[in-house]
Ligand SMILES: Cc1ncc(COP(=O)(O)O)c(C=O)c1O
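The chain below stands alone, shown as structure tokens; this is the form predicted on its own.
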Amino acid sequence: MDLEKLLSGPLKRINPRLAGWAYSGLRRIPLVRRRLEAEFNDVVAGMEESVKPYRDELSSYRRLPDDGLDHAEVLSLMADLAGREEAGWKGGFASGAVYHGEDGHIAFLSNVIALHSQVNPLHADLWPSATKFEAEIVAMTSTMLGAAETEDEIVGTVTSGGTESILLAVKTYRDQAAAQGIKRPEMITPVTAHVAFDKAAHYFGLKMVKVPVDGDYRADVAAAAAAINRNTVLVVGSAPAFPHGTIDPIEELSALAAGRGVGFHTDACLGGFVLPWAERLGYPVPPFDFRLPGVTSMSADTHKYGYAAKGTSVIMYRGRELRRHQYFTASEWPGGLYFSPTLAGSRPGSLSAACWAAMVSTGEKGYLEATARILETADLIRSGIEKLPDLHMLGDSLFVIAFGSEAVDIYQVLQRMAERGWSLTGLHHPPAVHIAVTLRHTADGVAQRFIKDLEDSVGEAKAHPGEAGGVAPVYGMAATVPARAVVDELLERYVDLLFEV
């Protein structure tokens, strides 16, 4: 790495003072580190206002109150907080986060959750309704994703979200490989694969081999082929990848994995409830699901574009034998016979009930109509961005729109948009921003407001470089500071902040 070029270029534009410190201290790395940490402390302190806005206004509880608060008082407080925070997402200002959000739908799911608030699927004898709901959630999701068009049996389980679905998939392939005598398992993922795969590798002791993406931000098949060896237990592709919304070449990757006797997982957590309907609407959707014989597992989030309440996802496998490597059973525990299909023991059955209710009440027609609205809005937003001369698009996607800039600091644009109420996603490698289009964005005027605010934000960032605070210096430094341990520590300190009273 050319540190002199780095410190006189991008880092200097983001934070001249920090660049000066680093430049003058190249031969005094410990001093540079201390100063970087001090600067990061200032950044974290500046973010407290956004994550702890109620600290000086509302009572905080470090211990249980002597007397329990009145139910009406608690409900009043919680309704007030919900009302304050509603504006941040209801008006379509958030990328992803809330995927439906219509009042009637929220009320409907809330009623279902209330009816099933005591349900725990761990006790199937007490609540057999939970097993009905979860089995049908898996069946409906797998049918949507090609199970009806293969002779193989597609099975699965309901999980708490996309991360758990991915963790379980990786654990399953690891345990299958262990049964086959593979002691040092490896998995191959594109660099754009969801970070939950990194988390799974960390938790379950797999070596993660990352392959590059091409100029369209799709996984490099040749690189994946070169990376496979006798320890490879899993190859991964995304449909689509979270950063740029691009769909990896699943057909080629899964065929490659099958030819080498390796499992293949399609991560459709983000697109599983969009792409099937987009295909039926005539949009160009490459093959990605169980219709491809090499796809041995898939994940799809019901709590995103499936419009369920937060806290459910589905992990699916080609065959029961593979799924059984996911289970945990114990037959010698003094507490009795025990089994757990997923990571959790007790689980909130109310969320599975709400998921089932969301799916059967939406139906195929509802998903088709919702997807049509989302894709039409995404086309409108994409067209608006393409007309802004200082921005350029990254990749070719349907509903996750990523853009960067060579003319202006994109993180300054991100912060200027935040000042206008927008909650967008900052990316790096390369620096960019994305918006995941949801039903919230399909309301009248939202897409037009986004384009107008984006145009104004680009103009401000270009006219006043380096003046925006907030998230801009965080992303900027994370993308340019070579001391990665310092950046990791910044993230850890931010998480610490979240749990401070």
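This one's a predicted model, so the numbers in the text were calculated from it and none came from an experiment. A residue's number is simply how far along the shown sequence it sits, counting from 1.
FYI, the form predicted together with the ligand isn't displayed, but the following is about it.
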| query | finding |
| --- | --- |
| Interface segment, criterion being heavy atoms within 4.5 Å of the ligand in the model of the complex, picked from 102 to 110, 236 to 244, 349 to 357, 144 to 152 | 236 to 244 |
| Contacting member of Arg416, Arg218, Arg323, His194, with respect to the ligand in the model of the complex [4.5 Å, heavy atom] | His194 |
| Residue (of Thr163, Thr371, Ser405, Ser254) lying close to the ligand in the model of the complex, criterion heavy atoms within 4.5 Å | Thr163 |
| 4.5 Å heavy atom contact, Cys269 to the ligand in the model of the complex | yes |
| The ligand contact in the model of the complex: Asp301, any heavy atom under 4.5 Å | yes |
| Within 4.5 Å of the ligand in the model of the complex: residues from 349 to 370 (heavy atom criterion) | none |
